[in-house]
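Before any questions on binding or motion, here is one chain by itself as structure tokens, the form predicted alone.
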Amino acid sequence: MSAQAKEILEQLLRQLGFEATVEEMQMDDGILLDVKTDDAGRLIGRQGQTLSELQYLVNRLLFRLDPKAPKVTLDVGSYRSQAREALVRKAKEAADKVRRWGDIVELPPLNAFDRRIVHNALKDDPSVETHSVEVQGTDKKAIILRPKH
């Protein structure tokens, strides 16, 4: 089944004109497809937008073939793992401010994938709670961190 995800991605990349190889790795929450290409910047796009959209397409196509298929995460040149680490660091720094000053901290608008990373990074923190809030004029939401009472 997971071979389908790799094949779908390889076919999409070919159709889009990218020369790339795809490595597949099993993860706890699905499959990671790691793309190796000399044109990583173009494939990642501004703030990872192109990569996110390609990931969405792969998951939609895969789901159409098999509704029980595991979720696919795409990465190019370790972009996602580095971005994830930076986001977790930023979330923990914001949580430290909440603990230190007792203030509410708002993170900038994030897509659903990134919000999930932040919520998961802080879910076990006994002194901070997180909430996503709508941001007008965008499909992204901001995350509010506040002290738990």
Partner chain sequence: MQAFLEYVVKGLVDRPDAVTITPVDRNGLTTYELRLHPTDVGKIIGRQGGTIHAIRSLAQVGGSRKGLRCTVEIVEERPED
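Residue numbers count along the first chain shown, from 1. From a predicted model like this one, the values you see are computed outputs, not experimental measurements.
Not pictured, yet referred to below: the form predicted in complex with the partner chain.
- Between the options Val98, Leu33, Leu54, Ala91, the residue in contact with the partner chain in the model of the complex by a heavy atom within 4.5 angstroms is Leu54.
- With the partner omitted from this view, the residue of Ala83, Leu61, Leu107, Ala69 that lies near the partner chain in the model of the complex is Leu61 [heavy atom within 4.5 Å].
- Each of Leu12, Gly17 and Thr50 places at least one heavy atom within 4.5 Å of the partner chain in the model of the complex.
- Only one of 83 to 91, 119 to 127, 99 to 107, 35 to 43 lies within 4.5 Å of the partner chain in the model of the complex by heavy atoms, and it is 35 to 43.
- The partner chain in the model of the complex comes within 4.5 Å of no heavy atom belonging to Ile143.
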